[in-house]
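Only one chain is given next, in structure tokens, and it is the form predicted on its own.
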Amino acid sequence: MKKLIVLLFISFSFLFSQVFAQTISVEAKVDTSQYLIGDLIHFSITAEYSHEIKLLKPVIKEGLKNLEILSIDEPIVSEENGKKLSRFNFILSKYDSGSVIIPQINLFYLVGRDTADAKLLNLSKSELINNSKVRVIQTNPVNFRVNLVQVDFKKDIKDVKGPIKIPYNWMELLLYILTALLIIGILFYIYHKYKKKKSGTTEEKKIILPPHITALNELRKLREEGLWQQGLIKEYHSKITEIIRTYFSERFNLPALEMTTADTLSMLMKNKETEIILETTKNFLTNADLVKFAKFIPVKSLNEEMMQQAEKIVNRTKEIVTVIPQEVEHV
């Protein structure tokens, strides 16, 4: 009999300690009871609860349907006197006057082993209410008033203040004078240069090089840059094909820069001067396309071969002309 009484006492003590340990309390409040239209209303919900409880974020939109919700902060969680504290902060506003009541808001939570069930965290409000594992506690209602801005129509309307007179600052005045002189000097220089240009005193000679000379110079510069040696394979192939396509445009009047490889070869086939470089051009452009668009990684010898093919294309189709200096206006 004594053993039974002791066993019952231990069982009741354990159950009592479990129930007593699982405590939770909530408080809802605003920072003041009187607001003006458009003021920021700082609304908070503070929950104090034991460690066996897992708190869920409150669903407040239904309770605040007559208020504008400007922001919802992340909860601030702390610990005090062996219990957890969670504070949910909201910034609200209202644009018409009158008394406002924020009703009781449901705060859902889990207890004990149910806190490990991750599926419960994604339930809707109605599912939370109907789920036997989920418990709920309600906040207290909160009352406050939103007032109109008081205007005293008996008082005279004050005129707008006149402009404030600022005393002269001689350093600032000097800066204005120097700026004005600088602008006058620039305008005089532009006028003087324009007058000289009109009278023809600034003409100078400029030599226009034939397309093949320009192309060979650009190929030489590209070789000296050593792009493919630095691992810039795609940039190297893009530049070398651009040089050759520009050469085709200037030498044979083809819009090669805007044409595909197939279209370029098709146009070159129609020109008798380019028959001797058709096969070389086909290999040259095809290899470049593989590198630029198919992410093909060529062997080192192919990079050098590309330069040789480019020089061959230019040298075998160059036009033998006499370089004639031309008079051009220099701006």
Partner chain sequence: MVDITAINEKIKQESAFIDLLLKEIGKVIVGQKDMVEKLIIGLLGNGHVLLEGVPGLAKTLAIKSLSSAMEAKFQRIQFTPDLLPADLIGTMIYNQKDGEFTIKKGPIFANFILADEINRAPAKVQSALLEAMQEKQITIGAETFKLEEPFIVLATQNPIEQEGTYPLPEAQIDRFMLKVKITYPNKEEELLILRKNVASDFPQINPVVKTEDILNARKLMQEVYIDEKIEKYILNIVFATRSPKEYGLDNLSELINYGASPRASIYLALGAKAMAFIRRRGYVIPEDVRGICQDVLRHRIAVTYEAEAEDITSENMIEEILNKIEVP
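Positions refer to the first chain, counted from 1. The model shown is predicted, which means the values in this text are computed figures rather than measured ones.
Note that the form predicted in complex with its partner chain isn't included here; everything after this is about it.
- Think of it this way: in the predicted bound form, its partner chain has a heavy atom of just one of Leu123, Met259, Val111, Leu85 within 4.5 Å, and the residue is Met259.
- Of the listed positions (Leu70, Met269, Leu36, Ile297), a single one reaches within 4.5 angstroms of its partner chain by any non-hydrogen atom in the predicted bound form, namely Ile297.
- Figure note: of the listed segments 230-238, 172-180, 209-217, 101-109, the one touching its partner chain in the predicted bound form, with heavy atoms no more than 4.5 Å away, is 230-238.
- Looking at Asp263, you'd find a heavy atom of it within 4.5 angstroms of its partner chain in the predicted bound form.
- Within 4.5 Å of any heavy atom of its partner chain in the predicted bound form lies no heavy atom of Lys282.
- Taking the partner from the other structure, its partner chain in the predicted bound form has no heavy atom within 4.5 Å of any heavy atom of Lys29.
- Taking the partner from elsewhere, Lys54 is found to have every heavy atom lying beyond 4.5 Å of its partner chain in the predicted bound form.
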